[in-house]
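Heads up, the chain below is alone and in the form predicted on its own; it's given as structure tokens.
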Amino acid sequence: MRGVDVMLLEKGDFCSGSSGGNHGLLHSGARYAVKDPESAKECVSESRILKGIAWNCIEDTGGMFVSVGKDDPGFADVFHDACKATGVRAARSTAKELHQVERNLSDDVADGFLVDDAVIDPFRLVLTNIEDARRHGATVRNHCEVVSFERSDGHIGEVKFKDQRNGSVGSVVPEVVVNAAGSSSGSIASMVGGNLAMTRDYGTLVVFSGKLVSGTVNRLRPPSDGDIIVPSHTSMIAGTTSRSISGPSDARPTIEDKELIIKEVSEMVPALRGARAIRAYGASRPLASGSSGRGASRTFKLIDHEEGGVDNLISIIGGKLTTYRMMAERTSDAVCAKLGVRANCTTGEEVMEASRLDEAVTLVSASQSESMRRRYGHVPSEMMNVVPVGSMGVQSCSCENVMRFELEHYASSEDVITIADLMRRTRAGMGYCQGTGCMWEMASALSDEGDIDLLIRDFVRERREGSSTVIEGDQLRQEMFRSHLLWPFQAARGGEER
């Protein structure tokens, strides 16, 4: 948008890492007002901007912070003062007023605050950014892993990358390289002799089938484990934990994480104890500060590696989903300064374009139209081109009400090569059965991509990893049924025990 030629190389699929491993909470800033005021102020300004420019990705649910009987009653005044100081809107409310908004709150809820939290779909947000970037001329490549840099006299002269689709190796000659690889940023910097001081913090989240809350519910206490509930599409997401990790092998949910989250969040909404947990997931937070855990700031840091001997490398670490646009603006400012480009950033004012169908939709039923609007923010006009003439289409995923023509539309994209890629774009496979029924439809839509057995096997493994920590009660029965149905695909190739 500033007149610079840009190429993005993404190791896996978009949102397959930390960008998709969050709870989708668009922060009002209230969570950070007391202990991290800088992050709170960033969230205040950016959440307002995103509600304007990313209309198709956000559900403006509102939210609340509630205290229960055992919480420190004095924290409410500290919280209120901090919100005023950072510009966070927080309306003090009685227990009765809070129960009128969320009827499933615990009777033990004392008082609290109504805040401007919202819910944002991280998958849709990233895809909307990609669509908009391509519309402005950017080259965006997923499943392309950077494998090496050629550096000479403190300058990166060439970047080589491997395309996972066919194993081919490509290269690009850059003027400036931006390292925005999240928790892998340190590894990328080290490939060119750079160094990044950062810590990795892992957070676990639990997905529940159905919704017991209409807006976000936060615990009115200093940020801690298990103090957030976020309604998301047909489910709820509860979290989160915080623990330091040394590497990717530590980055996985544990049964202890799951049990702690359920114990804590059910103190705010007791009905969660009986809700069906269908999945646990998480991601690594790349923290920019030297400390880790709850004591680390969630703000971001921009590093120019020129002082470290590489004159055309910039790294961006830390930050949050809510502040991603601000992070991109500051990074782009630094790139443009190196290139001598004087154009200003306009992403804070220009609405990201997304194809939409404003006229009455007659090719799909009312429930299908509503489901599509929930997933995409609208009914995409280009998707209607593949609806069979005179037909409302065939339903492929009953959990999320995803139609076959939606699968076919996204399966035709060069970006989509696995069932998980298709899932992230349509939500098929994210429901309570975790793809047991619809994965066959997704594999069929992707039949031109190669070995269907391998597609199914990889997807089954990925879904099983997420459900392994929540297998009890109804979900245990579901997994037993699933195991019998899918036993040929449960083990990886190579003769592992099924």
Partner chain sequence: MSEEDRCIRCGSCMRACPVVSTFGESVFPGPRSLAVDAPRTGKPMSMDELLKCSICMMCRDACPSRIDLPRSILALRAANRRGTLRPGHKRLVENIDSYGYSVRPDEGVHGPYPCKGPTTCLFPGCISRWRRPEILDDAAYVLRSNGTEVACPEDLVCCGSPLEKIGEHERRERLVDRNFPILEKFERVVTTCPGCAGQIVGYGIDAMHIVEYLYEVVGVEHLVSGLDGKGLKIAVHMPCHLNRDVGPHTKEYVHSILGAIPGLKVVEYPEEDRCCGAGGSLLSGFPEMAAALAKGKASAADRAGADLIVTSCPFCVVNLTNAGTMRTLDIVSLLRTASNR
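Computed from a predicted structure; not experimentally measured. Numbering follows the first chain given and starts at 1.
Same protein, other form: the form predicted in complex with the partner chain, not shown, and the subject of what follows.
None of the heavy atoms of Ser106 is located within 4.5 Å of the partner chain in the model of the complex. Interface membership of Ser332, defined by any non-hydrogen atom within 4.5 Å of the partner chain in the model of the complex, is ruled out. Shown alone here, Thr241 lies farther than 4.5 Å from the partner chain in the model of the complex, counting heavy atoms only. Not displayed here, the partner chain is kept clear of Pro73 by more than 4.5 Å at the level of heavy atoms in the model of the complex.
With the partner removed from view, the residue among Cys399, Met372, Ile262, Val178 that has a non-hydrogen atom within 4.5 Å of the partner chain in the model of the complex turns out to be Cys399. The partner is absent here; in the model of the complex, the one residue of Lys84, Arg276, Arg141, Lys160 having a heavy atom within 4.5 Å of the partner chain is Arg276. With the partner left out here, the partner chain still marks one of 332 to 340, 127 to 135, 209 to 217, 189 to 197 in the model of the complex; by a 4.5 Å heavy atom cut-off that stretch is 209 to 217. Taking a 4.5 Å heavy atom cutoff to the partner chain in the model of the complex, the contacting residues in 424 to 439 are Gly431, Tyr432, Cys433.
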